[in-house]
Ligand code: ADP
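We begin with a single chain expressed as structure tokens, specifically the form predicted alone.
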């Protein structure tokens, strides 16, 4: 059994769960201890006790821990990438790429630890000095999803530690292995006792205990919109800082003047790679009428050529969905879309494989209209819908007609339309002739409307959430 990490100690409990490979449900990766209310409260107390020491640690101390962590992650990228793919289901090349990105994130924030600055400004009153500095906010609760089990914890934990905060880390129940390895690496890199605490377990117990405890000063959360709303309510009750990432229903607009090959590749990548289990996935393909038929035929042909199979197999291009519940949800959305008038291409879940897993062939649903549920609700699987529109103006309107606003893309060779879309798309991130999924680690990540709330994640903008500003006046 892999234990919890609380106050620098490895803690076992009487409860444990198996971590099962979605590519092969007979493959049990390991068993992982489950925290209850008592263990979670102990972890929060440990983080609180460690805060003052870590808050006043030197930039060099923080740099060294983060740099050493990044070095080990990258050195072990093949091993850790294999573990990630075994427990989450994305193909091995994607698993290794995600681990590499996590290492790069730690390297970035190792540098940020040495670049922390303040301001000295003149007062409007003679003889008075003014200093503006940033300080850590305290104990940060980190709650992460299953779809990026290394990268998302990295881009939350690395800046939290960089700026002097302590952490209580609750990973998703489906992916404890990646979280455990990351925590172990950080401790061996020299992190003091209690600065990072890992509490694995169900959200209804561990997550709720974190939300209810006033000793947590901030929560950074990535997950569903419904859970995010509950996190927000709890944070308001305690007047704590919050950062919420809650998904998307991302449009990819394809105009008549688009390079057809570029558009098809962007849609294929954005909609179906990583089994479509990305909050930035291209789930709504909004296509103008002149190019519509050629685009749908070309994308359908490329879809048929994708190999669905075991995540670790060398020839697999699309791995399984994460578990039986997700597979059932995906199939239900396909059925609803067809009953509401959509036309289905792909979407077979009864394919024969050497192992028993949660496999689903990519599905494209054509002849849809914006009001259908497949176009309004986040599905989270290898499923995309196509909406036919007259022209750019209608495409822009349909793209923005969503409660979400995370990522939006356009495929066009017209600079006028590209520039207008970048300005008017109601999204936190805009892609031109690129998939809606796929972002850099050194620039801000986040959306608008129901997709996100609070300061941006990643890059130098992360300081806006993980620090608080102090203004100090000094008279002679």
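These figures come from a predicted structure and were not determined experimentally. Numbering follows the first chain given and starts at 1.
A second form of this protein, the form predicted together with the ligand, is not displayed here; the remarks below concern that form.
- Within this chain, residue 218 is remote from the site of the ligand in the predicted bound form, having no heavy atom within 4.5 Å.
- Looking at residue 203, you'd find a heavy atom of it within 4.5 angstroms of the ligand in the predicted bound form.
- The closest non-hydrogen atom of residue 223 lies within 4.5 Å of the ligand in the predicted bound form.
- The ligand is not drawn, but in the predicted bound form it has a heavy atom within 4.5 Å of residue 171.
- Among 300, 400, 100, 227, the residue placing a heavy atom within 4.5 Å of the ligand in the predicted bound form is 227.
- Proximity to the ligand in the predicted bound form, taken as a non-hydrogen atom within 4.5 angstroms, holds for one residue of 342, 164, 346, 145, which is 145.
- The partner is not drawn, yet in the predicted bound form one stretch among 358-366, 277-285, 171-179, 330-338 has residues with heavy atoms inside 4.5 Å of the ligand: 171-179.
- Contacts between 427-453 and the ligand, taken as any heavy atom within 4.5 Å in the predicted bound form, involve no residue at all.
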